[in-house]
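Read the single chain below, which is given as structure tokens and is the form predicted on its own.
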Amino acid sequence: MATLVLDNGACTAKIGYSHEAVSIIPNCQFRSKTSRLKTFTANQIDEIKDPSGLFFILPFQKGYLVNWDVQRKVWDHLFGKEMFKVDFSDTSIIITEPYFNFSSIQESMTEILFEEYQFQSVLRINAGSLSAHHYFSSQPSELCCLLVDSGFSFTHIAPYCRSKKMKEGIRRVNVGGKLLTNHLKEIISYRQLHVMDETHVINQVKEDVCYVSQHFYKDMKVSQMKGEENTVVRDYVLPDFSSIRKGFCKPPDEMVFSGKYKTGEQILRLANERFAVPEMLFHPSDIGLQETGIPEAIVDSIQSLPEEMQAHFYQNVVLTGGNTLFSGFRERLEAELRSLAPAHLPVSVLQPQNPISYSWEGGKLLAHSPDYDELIVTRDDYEENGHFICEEKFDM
């Protein structure tokens, strides 16, 4: 029996068989400005000749799976003959869902997987639980870990002890990659160029040039300086989708500080945007959101747990999710946690090699673990007991 692991995120789906490597694929559909009628699904985005003004149709809203029509189309594409050629009669699936998912969504998901696709068995689990399984497998001596999963829709902080999640310590900060991209679109549109329709391009800009500042006010001063002294400013060459397929950052030695470029590319000049955008992960109140930042939420989560365990959590903070890839994110989080945590407790923040596919790798390990068969719900179980058996077996 093959096991398919699907970490079904709001931005990308991380998918692959448990004996193969992972593929990271956009979990949405696209329409391009040029061919309005044709809808592109998942990784067909590469076929779009002109991805400017790309229109996204997302199955997730605010982190929860609400648009089943789109999700079905994406899954049909992923499971179909173009991609994974799934033989449903001989395949078990591990699929992820967010913490505290709504039971109506859970029911629909189970029903679609068993009745429409007819998988042989299903394991529905939080992505964080897979990450925790991965961490505890790689660090068998550790008993506790605190997972910070900063994704597309929000950031979750979840404490795990001996692979069991401690529900009372789970915190959610409603700041994710989508908010950062949208905010960057707004400030660029306000300051230099109207890019409100260019989600795809600006998301690339964010990934290429943004970083987390270690000293916000110091960087703010530097970013206001003139000429060569301004070490923050970068010129980003926007793609025109004929000669430049993908935007890129001009190397600092090629930058022209006065006057225009001779080459005639479209340039975005980014200064304090580079660090002011990711700063929202640490201080959402800067843009008027009534939320705590990630460091405070972590401390709040740890303080709600039994005192004798707290030291273990401070020492095992694990970062997953796409936002943790901003350069400087780990160092800044460790520094802020250090200043908030009790002085006698050591603080350590770990960033795995590939934080985006970390939980998928955990699912891969789980599929090969000896107690995998006890966790799953088989098709026979489901046909006999219906959704009730899933509620009983899957700890949500």
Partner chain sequence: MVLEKKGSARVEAGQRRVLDEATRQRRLTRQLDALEKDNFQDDPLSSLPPPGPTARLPAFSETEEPEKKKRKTRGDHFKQRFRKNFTTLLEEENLSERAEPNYLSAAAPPSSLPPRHFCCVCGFPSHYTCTTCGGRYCSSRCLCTHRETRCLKWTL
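Only a predicted model underlies this, so the values are computations on that prediction, with no experimental measurement involved. Numbering follows the first chain given and starts at 1.
One more form of this protein, predicted together with its partner chain, exists but is not displayed; see below.
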Under a 4.5 Å heavy atom criterion, is Q290 part of the interface with its partner chain in the predicted complex? yes
How about H283: is it within 4.5 Å of its partner chain in the predicted complex, going by heavy atoms? yes
Exercise: Q310 in contact with its partner chain in the predicted complex, heavy atom 4.5 Å: no
Find out whether any non-hydrogen atom of S108 is located within 4.5 angstroms of its partner chain in the predicted complex, and reply yes or no. yes
Mind telling me which stretch in 319-327, 120-128, 253-261, 69-77 gets its heavy atoms within 4.5 Å of its partner chain in the predicted complex? 69-77
Taking its partner chain in the predicted complex, would G53, K62 and E168 all count as contacting it (heavy atom within 4.5 Å)? yes
Among S89, S138, S189, S304, which has at least one heavy atom within 4.5 Å of its partner chain in the predicted complex? S189
Only one of S369, N354, T39, S348 has a non-hydrogen atom within 4.5 angstroms of its partner chain in the predicted complex; which is it? T39
Can you name the residues of 200-237 that have a heavy atom within 4.5 Å of its partner chain in the predicted complex? F216, Y217, M220, S223, Q224
